[in-house]
Each structure stands twice: as C-alpha cells, then as structure tokens.
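You are given structure tokens for the same protein chain in two forms, set apart as structure 1 and structure 2.
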Structure 1
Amino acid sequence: MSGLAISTSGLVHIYRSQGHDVAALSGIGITVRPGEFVGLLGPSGAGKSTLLQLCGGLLTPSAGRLQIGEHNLTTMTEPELDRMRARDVGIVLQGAGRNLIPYLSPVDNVRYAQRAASRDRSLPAPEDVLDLVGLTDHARTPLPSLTPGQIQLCAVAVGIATFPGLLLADEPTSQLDHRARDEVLAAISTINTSTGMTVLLVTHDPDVAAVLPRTVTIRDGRIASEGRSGEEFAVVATDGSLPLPPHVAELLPPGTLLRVTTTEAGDVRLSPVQQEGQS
C-alpha cells in the first residue's frame, strides 16, 4: 500500500436545494503529495466537510478537476466510485457513531468494513487494524462499554479497514477530552508514518493544528492560507489571485488600489494608493 496524491483545480461544489443554490466551494486548488498529513481548517460553513466528501467520492463536483491517485473523480461512473470507496479511500465522518454499527464489536465492525473489498485483493487481518489504533484489548468489547475516545479510535479503524491509500477524517478529535483527543491524533499520526497513508484531517482545534506539519485554511469556499510548522502563509492561486490574510484585509476596504512593486531582494510590496475623495 502506498499513499495517494490529491490534486484539485478550480473545484466548485454547489448544493441545489428547494430552488436556491448554495456555492459551498468556489474554486479550490490543492495539491497533496502521497503520504502527506494535512490539516484542513476554517470557520464553520467554510466548506471543509464538502471538500472531504468530494475527495471521498460521496459528492460529485459541480465543476473543476479532482484527482485522487489515478482516479479522475469528475468523470468516474457510479460503479467505479463504489470500487474506489471500498478499497482506496477511507472516510471517518463527523460524529464517531455514524461510522459504526452499534451492535457489532470493534473487530466485527472492521470485518464489515472490509466486506466490499475482499473479492479484489488480500486485506489486513482485522486484529492488525485494531492493533494499529491501540484497540487490541478491546477487539470484542461491546461498543456501549467503550469510552468516547475508544469509540473514535474504532471509527478510525473502520476508516482504514482496507488499508486505503487515503484517509479522510472529519473532526475526529472534536467532543473528546484532551487525553482522548491526543490518543486519537497519535493513532492517526502512527497510521500516517508507519503505512505512508495520505491523511486529510478536518479540525477546528488550534492545539491539533499546531502539531500538524501542514495546514490548509479555507474560508467562504476558497483557500485562505496555508500553515507550515506553525507559520501562516498566503497562497497564490492557479489564476494568480492572492487572498489577503484577514488582518491585512481589514486595513484595506474593498476597492482599495494597491501599487505592487518588487524589491531587488525579491520581496513584493503592496502600497495602498490614496485616491481622490478619501481622507
């Protein structure tokens, strides 16, 4: 198993509901290399879950390009998407319970998640999957007897049941106390480093974001910035546009003219131009 790359450009998603359309994503361009661990940040309603569900083949893009490994998700048929979901991409939906069958034990939940892929290739033993998330001692414990942290670890085990090349996890650490949060994060980090699985993880927790090697922040359906080792950067989009960081944008009313100059050292300077009629 090796990690899958993600590549999108101009990715748009519009929800059509009862006569009015909601543009959840308005032109996302991201490249994630195989084996990378990327955190997806942004305020509520920014489009994080929509992006995750598009990558998982649960939603179809309205426009743009979306490539996961060798799969071009914009042109795939429903049976091809089914195969991709069963084998190549694991998704942990927000709310651990949504990923689990409540009356099955952890080991049977993992086995169940493997059933659609088993005809195609050899699969890891369910016990080995549970071992990877640290649930060996609870393989047969009824779900209602597990702690919230253990239930989330079980949801992660189900997400990686087929050892897919990409794990998508939507706020897997929310609603957990700090200790359980750190355990879930450590388990996902171990999966990433020991298997090379690519991971895209949605979080709104600054403590979680702080330990991730790379973060992408989306706002209003667009890429707002990227973080590397705790430092935040503006990102030039494929069309050459540059979203300003909020602390800069608030100094510059819409319509402000900026003179763009470069220095010999290669720095780029934006200088607001005083227009007539402005004080």
Structure 2
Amino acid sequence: MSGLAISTSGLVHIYRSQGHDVAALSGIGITVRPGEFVGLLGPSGAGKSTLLQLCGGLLTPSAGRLQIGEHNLTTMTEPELDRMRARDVGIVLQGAGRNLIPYLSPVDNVRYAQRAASRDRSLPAPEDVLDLVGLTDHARTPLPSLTPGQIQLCAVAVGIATFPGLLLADEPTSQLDHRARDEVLAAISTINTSTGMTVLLVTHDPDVAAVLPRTVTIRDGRIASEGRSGEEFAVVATDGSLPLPPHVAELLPPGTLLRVTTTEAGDVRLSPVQQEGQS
C-alpha cells in the first residue's frame, strides 16, 4: 500500500446560513505528499473540518480544484465518491461513537467496515487491524466495557479497516485524558510510519500539534501559516497575499502601510510607514 497525495488549488466552499452565503473556505491551496502526516490547526469555525470533509467527499466544493491521488473530487459522481470512501479514503469523524455500531464488538465493527471493499480486493484480517492500534486483547469486548480511549482507538481501527491510502481524522484526541490522548496519537503515528498511509488530522490541542512533523493553520477560510518541526512560517498564497502571524498582526492595525524592501542577500523586509496624522 502507498499513501495518497492531496492537492488543492483555489478551493472554495460556500454554505447557506440564516439566508446568507458564508464562505467557509476562500481559495485554499495546499499540497500533501504521499505518506505525510499533517495536522490542521486553527480557531473554531476557521474551516478545518470543512476542508477535511471536502477531502473525504462528504461535501462538494463550490469552486477550485481538489485532487486525492488519482481522484478529481470536483467531477466525481456520488457512486464514485462512495467507492473512493470504501476503498481509498478512511474517515474518523469527531466523536468516536459516530464511527461505530454500538452493539458490535471491535472486531465486528472492523469487519463491517470492510464489507464493501472486500468484494474486489484482499484485505487485512480484522484482528490484524486491531493489533495495529493496540486492541488485540479487546477484540471481542463489548463497546460499553471499553474506556473512552479504547473506544477512540476502535474508531481509528474502523477508519483504517481497508488500509486506505489516506486517513482523515477529525479531532481524534478531543475529550480524552492525557494518557489516552497520547495512546491514540501514538497509534495513528504508528499507522503512518508502518504502512505509509497519508494522514490528515484536525486538532485544537497545542500539545498534539507540537509533536506533529507538519502543521497547517487555517484562519478565516485561508491558509494562515505552516509549522515544520516546531517552527512557524508565514505562507504566500497563490494570489500573492501574505497572512501575518497573529503576534505580528497585533502590532499592525488594519490599514497599516508596509514598505517592502529587499537586501542584497535576498532578504525581504516589511517596514511600517508612519502616515499623516499618526503619532
């Protein structure tokens, strides 16, 4: 199995709210290489979950381009999207219970998740999937007897039941204690490194974000910054705009004029210009 790449350009999603059109995403451009583990960060309502659902074919883009591996999601029909989700893209929705059938054991939940894809290709044994997330000893334990962390691990197992090329996980560590959070994150990291599966994970937890190899922060429906190995970088958008990091934006009131200069060494400098009437 190999991971699937993600590529978007000018991605827009508009929805109706109280009779008005609201842009949840406004021209998102992002590239994720096969096998990468990327975290989506940002405040509530920024567009993180919307982007995740678009990548899973659960929402339809209003405009722009969205490519998952060889799948062009802007032109696919509903039956084609269903087949993609059954085979190539695993989704872990926020709230572990939304991913599971409560009266089935973990092993039967995984087996149920494999039913569609098993018709045309060989799949791993459900027990092997559970072993990958550390639930071997609880394969047949009733879900109500599991801890919240174990239930979330079961949800992750269901998400990777078909060994897809892409795993989309929406807040998989929320409402867990630190120990359970770390176990879930470690399981997803193991999946990524041992199978080559691409992982796109939404989180609001700074402790989770701190250990991810790459993060993308979304604010107001746009890419605001990227993090690599703990260092944050501003990102120049495809239209040439440059969102400033929050700690810099706080120093520059809206309407501030910035002089852009370059040095002989190739450095770019932004210098505020004092306008008439300013003290």
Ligand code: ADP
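The term rigid core refers to the most C-alpha atoms you can superpose between the two forms while keeping them within 1.5 Å. When a residue number appears, read it as a position in the sequence of structure 1, where counting begins at 1. No experiment lies behind these values; they were computed from the predicted model shown.
> Given the two isolated forms of this chain, which one is the form predicted alone?
Replying inline: Structure 2, not 1.
>> Superposing on the rigid core, is the Cα displacement of T263 between structure 1 and structure 2 2 Å or more?
In response: Comparing the forms between structure 1 and structure 2, which are aligned on their rigid core, T263 does not shift its C-alpha by 2 Å or more.
>> Rigid core aligned, does the Cα position of G230 differ by 2 Å or more between structure 1 and structure 2?
In response: Moves: no, less than 2 Å.
> Is it true that G45 shifts between structure 1 and structure 2 by 2 Å or more at the Cα, once the core is aligned?
Replying inline: Not so; G45 is displaced by less than 2 Å.
> Relative to the superposed core, what is the Cα shift for P253 between structure 1 and structure 2, in Å?
Replying inline: C-alpha displacement of P253 between structure 1 and structure 2: 2.5 Å.
> In Å, how large is the CA movement of S17 between structure 1 and structure 2 relative to the superposed rigid core?
Replying inline: For S17, the alpha-carbon shift amounts to 4.5 Å.
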